[in-house]
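Okay, so we've got a single protein chain in two different forms coming up as structure tokens, structure 1 first and structure 2 after it.
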Structure 1
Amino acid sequence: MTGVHYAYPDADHEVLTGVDLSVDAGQVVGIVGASGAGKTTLAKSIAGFIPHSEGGELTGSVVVDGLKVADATLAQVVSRVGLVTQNPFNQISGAKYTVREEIAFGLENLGVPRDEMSERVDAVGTRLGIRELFERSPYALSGGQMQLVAIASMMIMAPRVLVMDEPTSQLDPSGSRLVFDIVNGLADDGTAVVIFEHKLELLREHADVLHVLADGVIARSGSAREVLADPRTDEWGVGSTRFTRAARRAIEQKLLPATTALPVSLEDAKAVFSK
């Protein structure tokens, strides 16, 4: 993605104002930013829904797995890119009566043989720990369970790129950690994962690279440790980990030297506060 600008139809301003972003196969890239920073817009741009579904004016270049998004059909893009949205209700097809059928829906549309389809559904269900939900209606689930079904529906398609827009927003801590463990497993298999998330401590543990989206551009990039220790995180509306906040308070109270390197993890904090 190079020099991407985007404005929604009839809008008087651009949401993205010159975004440059590169993601390698097998890499987990985290993107953070304040509410309204354009994270969902960026997610839809990577996945091809902008401009193909949303309309508006997109300039710059978006290339995914060698495919130039602007010159391709949405069907061609979604064969390479999976998008998991923040609201799983919007991803349920409404065409299937059970969770098993819902997860298999994409493979069914591709004409995958039934035996292979069943094996793949069982495998992804086991991986996400949701096989006990298979015979239930997708609409009879909690928000967190529905989100895991939405993730399973994308995983089973084996996309080259998986875009996740705040996928853990409806999940408890154990569910959130499960999703990030799955993300790492997908990356190990060669999938490029772009995850928009506000749970900074999980990003610190799992993201290979972290980008801050602010004012329509990538304002800061680096390792998660480097970015989350940047004193401008509050200015960008990103916030900070509890360990960083504790160190800042200690510095304000002169319990730690002003030159202290801000910790972003428990391990960092132990090192800082044990001195």
Structure 2
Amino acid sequence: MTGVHYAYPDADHEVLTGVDLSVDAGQVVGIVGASGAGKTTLAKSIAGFIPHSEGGELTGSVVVDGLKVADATLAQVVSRVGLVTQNPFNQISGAKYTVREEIAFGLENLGVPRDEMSERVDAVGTRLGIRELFERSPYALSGGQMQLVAIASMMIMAPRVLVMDEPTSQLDPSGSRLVFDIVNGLADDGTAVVIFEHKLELLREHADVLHVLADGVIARSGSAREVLADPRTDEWGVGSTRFTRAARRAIEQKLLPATTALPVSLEDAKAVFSK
């Protein structure tokens, strides 16, 4: 993604104001930012829904898996990129009566043979721990369960690039960890994963690179530990983990040396505070 600018149709201002971003195969890239920073817009731009279905004017270049998004059809883009949307309620197809059929829907549209389809649905269901939901209606699920079904529906397509817009927002802590473990597994198999998230501790543990999106540009990039220790995290609306906040307060009160590398995760914090 190079020099990407984008404004929604009839909008008087750009949401993306010059985004440069690259994600390698096999990498988990986290993107954080305040509400309104443009995260969902960026997610849709990577996945081709912007500008293909939303309209508006996108300038600059978006290339995914060798395909120039502007010159491709949406169908070509979605065969390479899977987007897990922010609100799983809106991702359910509405065409299917059971969770099993819902998850199989994408493969069914590609004409994948029934036996293979069934095997792949079972495998994804097992990985996400949702096989007991298979015979339920997609609409009879809790928010968290629906979110896992939405993730399963994308994972089963085995896209080369997986874009996830707050995929764990409705999940309990164990469900969130499960999703991040799965994301690392997909990356190990060569998938490029872009994950938009507010859960900083999980990003520290699972993302290879972290970017901050602020006012439509990438304001900071680096390892999660470097980025989340930046004093501007509050200004960007990214916030910080309690580990970081406790260390900052301890430094202010001269309980830790001013040169302390700020902790982001439990492991970091244990090292800092056990001294």
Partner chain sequence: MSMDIAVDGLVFTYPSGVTALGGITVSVPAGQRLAIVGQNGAGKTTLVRHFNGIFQPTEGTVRIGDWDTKGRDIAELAARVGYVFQNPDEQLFARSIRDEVGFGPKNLGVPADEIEARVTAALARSGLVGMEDTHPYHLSLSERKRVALASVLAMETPIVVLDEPTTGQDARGVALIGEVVAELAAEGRTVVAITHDMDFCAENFDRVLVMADGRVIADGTPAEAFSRLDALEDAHVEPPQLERLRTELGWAEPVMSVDEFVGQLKTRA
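What we label the rigid core is the largest C-alpha set whose atoms superpose within 1.5 Å from one form to the other. Quick caveat, the model's predicted, so the values are computed rather than measured. Structure 1 provides the reference sequence; residues are numbered from 1 along it.
Problem - Structure that is the form predicted on its own (1 or 2) - result: Structure 1, which is the form predicted on its own, differs in this respect from structure 2.
Exercise for the section: Would you tell me if S22 moves between structures 1 and 2 by 2 Å or more at its C-alpha, with the rigid core held superposed? Expected result: Shift at S22: below 2 Å after core fit.
Practice task
Align both forms on the core first, then report whether P257 has a C-alpha shift of 2 Å or more between structures 1 and 2.
Solution key: Result for P257: yes, a 2 Å-plus shift.
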